[in-house]
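The same protein chain appears twice below, in two forms, each given on its own as structure tokens and labelled structure 1 and structure 2.
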Structure 1
Amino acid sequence: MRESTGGTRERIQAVALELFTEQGYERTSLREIAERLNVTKAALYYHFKSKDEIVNSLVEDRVQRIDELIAWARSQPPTRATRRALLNKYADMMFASEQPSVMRFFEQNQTVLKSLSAGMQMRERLLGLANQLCQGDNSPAAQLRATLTLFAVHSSWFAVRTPHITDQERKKIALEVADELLAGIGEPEPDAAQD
């Protein structure tokens, strides 16, 4: 509860996310963000101690939520059903609120984000997700399939260019295609010992 004036902090985050996604992190200066908000650069520094920290604040709780997802997946058996459920949860998360914009930002600024702590955290999480999605089948093809299912969810925004399509429809299509990819990932033997 720190919003005494009207949530300037949140407005900064919103504008920053938009500009970072549109033009890239490096190409967006603090001056630009400030001007959009009709404040000065110095005002930004009251709310965030650096430019990096704006990105951190953007990524923070997303990272946490993905962690929870991975933890859940680990507690489940490495079956096809688990993988489907995991991806469904992930898609729900991605399509909720303005989550998508954060992922779009992430996808489009990968290189820069490598040198930002927020970026590294996100990378780790996505790698972790991909690993969970092919748990039980460590073949190269399975790894590729797992990665592509994530990308199916992410790319449903720009890859599908049909006009007037709703987010719900995008999600449905992404999951249908992803399911097919998941189906090609094998399950480990049910432990041989059956008599």
Structure 2
Amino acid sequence: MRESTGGTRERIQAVALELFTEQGYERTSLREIAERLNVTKAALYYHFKSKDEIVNSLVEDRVQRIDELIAWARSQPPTRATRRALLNKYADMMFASEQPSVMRFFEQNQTVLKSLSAGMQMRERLLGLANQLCQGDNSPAAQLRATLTLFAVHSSWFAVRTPHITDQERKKIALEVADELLAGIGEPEPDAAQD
């Protein structure tokens, strides 16, 4: 039975991610990815011409989801309730089934990401998301808190090292810390426009 093109692409991404995380991006070859998939290199090339293309595809999927979150946030009032809802949506995205391995890859291969255009795209989108979290309070402290709020969620995959912790427990801890940071971001001043 033939697998759909989308299914094959997702399998390639998953296996590449495993190898990149186990061995490192630089030490993993396309041949090793093809071997682990039990396909020819030509079959792999049909979907991805290089390791960079695989990484770019992983980042593009995340960038698209973050763009959707930013668009949603822009359509909402800049209130604490909106910030909390945005944070919860981001956490839901980060704790979706494939995200833990993506986050481990990002954490272990930061140098590679910085050199790829995909890494720059990701950085821009995360800063855009942070801007939405501090909408209405443009102070430097609010900007830092908003960025650290996101970092509290996505860094929980490598910063929380307690053995045998469940994903739900990890998410709960991440959201508690993120919410503490979020609480320090002020509401827009209704009279600020009149001053």
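None of the values given here were measured: they were computed from a predicted structure. Throughout, residue numbering runs from 1 along the sequence of structure 1. Between two forms, the rigid core is defined as the largest C-alpha subset superposing within 1.5 Å.
- By the stated condition, namely the form predicted on its own, the second structure is the one that fits.
- For E35, the Cα coordinates differ by 2 angstroms or more between structures 1 and 2 after the core has been superposed.
- Put the two forms on the same core and the Cα of L113 is off by 2 Å or more between structures 1 and 2.
- Core-superposed comparison between structures 1 and 2: the Cα of E26 travels 2 Å or more.
- The two forms line up on their rigid core, and L17 then has its Cα shifted by 2.3 Å between structures 1 and 2.
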